[in-house]
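Have a look below at one chain only, the form predicted alone, in structure tokens format.
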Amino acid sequence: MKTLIFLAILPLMSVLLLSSTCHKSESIKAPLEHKNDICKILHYASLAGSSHNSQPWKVEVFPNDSIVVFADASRLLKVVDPKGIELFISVGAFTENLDIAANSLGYKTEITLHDTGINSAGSVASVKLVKTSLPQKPENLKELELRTTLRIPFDTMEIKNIDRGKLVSIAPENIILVPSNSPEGRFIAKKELEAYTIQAWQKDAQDELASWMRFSNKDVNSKRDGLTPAGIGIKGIGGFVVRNFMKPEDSKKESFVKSGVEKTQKQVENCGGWIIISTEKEDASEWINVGRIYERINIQCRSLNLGFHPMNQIIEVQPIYQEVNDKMVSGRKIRFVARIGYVNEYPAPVSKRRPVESFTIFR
């Protein structure tokens, strides 16, 4: 009986999974009120985006209000991100959130980035906190809570000049905003669909994605990372079926993969523009900086009612990456791609996050 129910519902679940929102934290306000400032800052930092919601960061806290941030190589996506570039970008997003949260709680931050490799045990960033005033701009903390990735189709109208300026001004030397209706925009859309399709049928990439699926309540509550039913917006009867009748391995089934490709085609055809973040140099500190830029863009998009959806398959699949890179930013390296577009409303953001104590050592 379970098998019949599963076969009937699987195609629908595939569409729901790939069209839903992905992000944010469950309500933690009550216990957070009783935490010290360091724990609050690290909690808000952990609301940063990361590939597959892998949350690849570790932290050491010292008595003099110094925080040392590490990349957790055990959470590396070895198939799609073998060099750890996206891992460092995720840690960069964490560092940006940490900076915003600390400033909002009345601390000045002194951040030093370190050039370290994925196999190094060294830190990627050192943060010194200096108390300067009473907590300021609590609305910034709310922005961190609301930051969201949207996988729904967006409005295709061109991004307004005033909004374009706000986004590009975050890091004009690194950011390009390409209108979706331009020849370059259509080129990116075509190549993103090609890259997604190749990766979707790639067995080792399927296996890696399945390893981050958290379908059962037991996995959701014990691991508190990865792609959960709540975090990817599968609720109601759909959420019940996923939690009780689906296993992570089901994400590799043909019907699931085909639905994902079809949904991705709708996504790339329905947006207002493409954000490209590139770098001139190639080292860990540059990738950390890309993560900080990406996080600021994502937060700014939310305030402008622009949907934001990272689509880095175009970077992960060779030789498509090289073709796109040569055409769009010759002489530099594309390190992040996202589609953006106006939306009518944002759904309530939800997803699991690991508790601060699970990734932090207090010295």
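For every residue, the number given is its place in the sequence shown, counted from 1. As the structure is a prediction and not an experimental result, all values here were calculated from the model.
What follows is about the form predicted together with a small molecule, which we do not show.
Think of it this way: in the predicted complex, the small molecule has a heavy atom of just one of R147, R75, K263, K191 within 4.5 Å, and the residue is R147. Among A200, I100, L227, V268, the residue placing a heavy atom within 4.5 Å of the small molecule in the predicted complex is L227.
With the small molecule omitted here, the record of contacts in the predicted complex names 86 to 94 of 86 to 94, 124 to 132, 275 to 283, 255 to 263, defined by a heavy atom within 4.5 Å.
Although the partner is absent here, F336 sits close enough that one of its heavy atoms falls within 4.5 Å of the small molecule in the predicted complex. For Y294, a non-hydrogen atom is located within 4.5 Å of the small molecule in the predicted complex, even though that partner is not displayed. Remark: Q313 counts among the residues lining the small molecule in the predicted complex, judged by a heavy atom distance of 4.5 Å or less.
Put simply, R151 is close to the small molecule in the predicted complex: some heavy atom of it is within 4.5 Å.
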